[in-house]
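Only one chain is included here, represented as structure tokens and corresponding to the form predicted on its own.
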């Protein structure tokens, strides 16, 4: 795959919940190595957009081409493609009855068919990267929110994904823990990981994003590189939004 290749192409994506139209024709392209940061007011549709990318929410219409395959086609094996998309949630979604290393090796052993020793060695390498090797045998209840989220990130990385999806990864954290999670995400970006990040962290968007996307009422109303996006917003809705959050 060359470095400029489109990894995910979203075409005319619509999503209804009963009669409520939450996404109203979204078009987007995410290239290999991009960090697309999606911002917008609560209820604007940004998390729904993210969750449609790996079909956690099933689109009502439109297509999502991931690595050349339309994953909205009911004939494809979505689980096979989902393995290539790491997902990090607001609420960590760790298994509370399993320790950290068990949380991290479950997917690689079961889905990637790694042997137990290989999966554990890889998990320990990843834990060392985020400064949590000493927590390998701790349970989620023994971790801080920031530690849980760092574990959730390396658990997704253990599956060796081609893209990482982050759904407001810091919004459930105490302010002093936000930095430790953003640092891990910044490191991933520096290493060239393709990422789509829904967040309220404008500093992260400005510093790390290759493209910032503003979603309002189910539509992308503006997208631009961070410098242009923040310093020269064109859409009145975006100007108003930024005046409240910056």
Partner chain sequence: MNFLLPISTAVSAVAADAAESSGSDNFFSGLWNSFEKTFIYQDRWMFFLNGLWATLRIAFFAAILGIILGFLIAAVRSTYDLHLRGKKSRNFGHFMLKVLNVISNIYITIIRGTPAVIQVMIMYFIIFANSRNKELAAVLSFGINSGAYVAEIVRSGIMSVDKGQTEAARSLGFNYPGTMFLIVFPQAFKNILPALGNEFIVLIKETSVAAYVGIAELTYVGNLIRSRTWEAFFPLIAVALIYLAIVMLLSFLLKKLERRLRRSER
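A quick note: this is a predicted structure, and the numbers were derived from the prediction, not measured. Numbering follows the first chain given and starts at 1.
As for the form predicted together with the partner chain, it is not shown, yet the points below apply to it.
Contact here is defined as any heavy atom lying within 4.5 Å of the partner chain in the predicted bound form, and by that definition not a single one of 200, 206 and 241 is a contact residue. Of the candidates 106, 172, 121, 76, 106 is the one whose heavy atoms come within 4.5 Å of the partner chain in the predicted bound form; the others do not. Stretch 56-64 is the contacting one of 56-64, 179-187, 207-215, 26-34, since its residues have non-hydrogen atoms within 4.5 Å of the partner chain in the predicted bound form. Residue contact with the partner chain in the predicted bound form: residue 125 places no heavy atom within 4.5 Å of it. In the predicted bound form, the partner chain sits within 4.5 Å of a heavy atom of residue 141. Looking at residue 115, you'd find every heavy atom of it more than 4.5 angstroms from the partner chain in the predicted bound form.
In the predicted bound form, the partner chain lies farther than 4.5 Å from every heavy atom of residue 136. Taking a 4.5 Å heavy atom cutoff to the partner chain in the predicted bound form, the contacting residues in 91-126 are 93, 94, 95, 96, 97, 98, 106, 107, 110, 111.
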